[in-house]
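Below you'll find only one chain, the form predicted alone, shown as structure tokens.
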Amino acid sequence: MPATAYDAAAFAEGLRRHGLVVPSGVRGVIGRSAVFEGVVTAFDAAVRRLARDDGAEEVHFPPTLPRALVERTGYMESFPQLAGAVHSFFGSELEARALCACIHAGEPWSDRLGMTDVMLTPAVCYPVYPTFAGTLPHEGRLATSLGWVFRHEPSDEPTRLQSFRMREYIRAGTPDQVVAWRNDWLERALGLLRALELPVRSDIANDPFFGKGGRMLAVNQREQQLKFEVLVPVISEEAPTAICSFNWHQDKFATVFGIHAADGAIANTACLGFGLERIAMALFQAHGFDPAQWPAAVRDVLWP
């Protein structure tokens, strides 16, 4: 039985009432309890056990990345509405007093800040691609990273967070290597999530490209089956929530960062991302707000 009716407000209230999340007063920004974090950590460990023999290189990055990298990838052309640029104060003491006076008066003060050289990370895979630059070995490269992502999508819908974590796997190689890896992992991901007794299904999807040109990009992405999502009902049965995504970038990032296959041809890349907060919420909705009461088979997967 689902923990609540498939209703965003009821589910959000259930999470809050059981002490699993802490509202911050800003839409899409929440604190997480130890119980919530325990589920996130357990699921991430389950993914890593599943991928143990893949030989992925583990890399770690902060939740910021160089602004130049974001600009170089064309992110601002495709997703300006989601971006988070970091601004800071560069002025004198006199200008700092003027800034504080604006704050105390309840007046706007953003024009007294300047853009820095960093942005909030829009996708965990972005800082990985430059590390693949050059000629790949014959088997290609595979990396994994766990990190914080920022998307400016303020919403009262509990699964749509502005700041959240992704466990990503990033593959580079020939087109055949990359597509075979993606297809294999789609089945593996579905198998893991079904072992957690989540009613998941996969579907072709598209990214939220911006503007009129973005609508054409979305159509092309679907027609070429470049993006798949794994969906599960959390707040709606008619519009299930994406908890896992697979993106085949073809040669986009390889061209930008000079990544070549062993035969010298431009490489292809793909990434797989598990949305950790969303998966935790899917588990709470499917099995109840107390993990100690979850089915034994589910607990055995998470806490073997």
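Because the structure is predicted, anything quoted here is derived from the model rather than measured. Numbering starts at 1 and follows the sequence shown.
If you look for the form predicted in complex with adenosine monophosphate (AMP), you will not find it shown, but the lines that follow are about it.
- With respect to adenosine monophosphate (AMP) in the predicted bound form, the three residues T135, G173 and A261 uniformly fall beyond 4.5 angstroms at the level of their nearest heavy atom.
- For adenosine monophosphate (AMP) in the predicted bound form, the listed stretch (49 to 57, 238 to 246, 64 to 72, 33 to 41) containing residues with heavy atoms inside 4.5 Å is 238 to 246.
- Of the heavy atoms in V232, none are within 4.5 Å of adenosine monophosphate (AMP) in the predicted bound form.
- Of the heavy atoms in R160, some are within 4.5 Å of adenosine monophosphate (AMP) in the predicted bound form.
- Although the partner is absent here, L226 sits far enough away that none of its heavy atoms falls within 4.5 Å of adenosine monophosphate (AMP) in the predicted bound form.
- Adenosine monophosphate (AMP) in the predicted bound form comes within 4.5 Å of a heavy atom belonging to M166.
- Heavy atoms closer than or equal to 4.5 Å to adenosine monophosphate (AMP) in the predicted bound form belong, across 182 to 208, to one residue only: D207.
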